[in-house]
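The chain below stands alone and is given as structure tokens, in the form predicted alone.
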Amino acid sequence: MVRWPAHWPPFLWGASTSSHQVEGNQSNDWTEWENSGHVAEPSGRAADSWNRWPEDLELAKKLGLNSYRFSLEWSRIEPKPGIFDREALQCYRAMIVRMREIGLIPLMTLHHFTLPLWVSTRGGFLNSQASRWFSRYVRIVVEEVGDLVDLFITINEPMVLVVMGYLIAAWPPGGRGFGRALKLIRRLVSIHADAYHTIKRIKPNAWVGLAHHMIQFEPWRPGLLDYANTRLLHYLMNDRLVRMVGEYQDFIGLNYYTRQYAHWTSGLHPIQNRPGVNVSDLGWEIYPHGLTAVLKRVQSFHKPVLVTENGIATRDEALRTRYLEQHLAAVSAAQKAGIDVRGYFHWSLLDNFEWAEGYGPRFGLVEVNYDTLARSIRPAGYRYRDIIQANENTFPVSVPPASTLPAAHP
């Protein structure tokens, strides 16, 4: 069992964002995809966090967080092959310095779905040189800011990238083909391993992992065929990549949102939900017990686990608050069952650009008015703050009833 460092808090209470979704960007493959009419609306300035990051970090502090998951935008840092933008690097360094000043442990993601245009036009991660390009970028980042960061995620949700961009053509580059998808999985594992070693050579004590997207698959009906299909989906979508990465991960990053159903006639296309279940604005079933279940699945890897994303798209604030409470209770149940869950990062700190769905879904603990860019903490954000305060320096964590906590207000 890998041991959690004694000098870190017993539990990381955080929230997550990604660069393209909150910063605004005009120079990566997603911008080109948006401007080609593939999505509901272009991202534009997003939440303008590239300019408003000091305000956003103050909001994170106001929520009582002790950690913040964010990503760097590769296309800002290396806009042309081998040409690095020192100004962009210095801006990210200033952000991280401020995080540490206000008591936020940085959890840095190096790739969160977007590629510089010069990489995407050369075939993206399928190019035989991609691992060398990515490791060069990682090396520069760690040399420039690695003295301030101990926790790294190399790649966010590799299987989502594969499925959305290379199997169903919903994301760039818009590909379809099982063979190319399988090749990309192997390539991403290799790219991660090279990046892992790059970070460790510069900073041997760094903790490095990936953020794995996991769905709780269950049989549509009782019976051998649906049960077998459930096991197949768990293996292909949840377990296989974790096993392929093997020891080149110091922790398991786990992103969880929903449950889906396996039916033998649907093959590798699960049924999204049953009629009548509670769903988010994106139609995803709300199933907190699934978080405990997927945490139990990764227990066999004997690594500390961070829930690196979990949240709900909704405009119903009471529902958002219940979702938060119920999923934190699922984390607590997993800890009490002996699973070494060491952090929870709510998705998302801010309302953001939600990829192909555009600006409709609202995930933020902090509401963003996209006309004025004004920010305001939602009631669920204050409830999260109060839960964090009630759990100061405790492990395992718990979710006290609202009646035992201070009223949720600024």
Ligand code: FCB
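Fair warning: this is a prediction, and the values are worked out from it, not measured in the lab. A residue's number is simply how far along the shown sequence it sits, counting from 1.
Separately, the form predicted in complex with beta-D-fucopyranose exists; it is not shown, and the next lines address it.
The shortest heavy atom separation between Trp133 and beta-D-fucopyranose in the model of the complex exceeds 4.5 Å. Taking non-hydrogen atoms only, Asn255 approaches beta-D-fucopyranose to within 4.5 angstroms in the model of the complex. Not displayed here, beta-D-fucopyranose is approached by Glu354 to within 4.5 Å at the level of heavy atoms in the model of the complex. Residue contact with beta-D-fucopyranose in the model of the complex: Phe113 places a heavy atom within 4.5 Å of it. With beta-D-fucopyranose omitted here, the record of contacts in the model of the complex names 149-157 of 243-251, 149-157, 261-269, 120-128, defined by a heavy atom within 4.5 Å. With the partner removed from view, the residue among Trp33, Phe363, Tyr382, Trp53 that has a non-hydrogen atom within 4.5 Å of beta-D-fucopyranose in the model of the complex turns out to be Phe363. Residue-level contacts in the model of the complex: of His213, Lys303, Arg187, Arg76, one residue has a heavy atom within 4.5 Å of beta-D-fucopyranose, and it is His213.
For the stretch 19-34, the set of residues having any non-hydrogen atom within 4.5 angstroms of beta-D-fucopyranose in the model of the complex comprises only Gln21.
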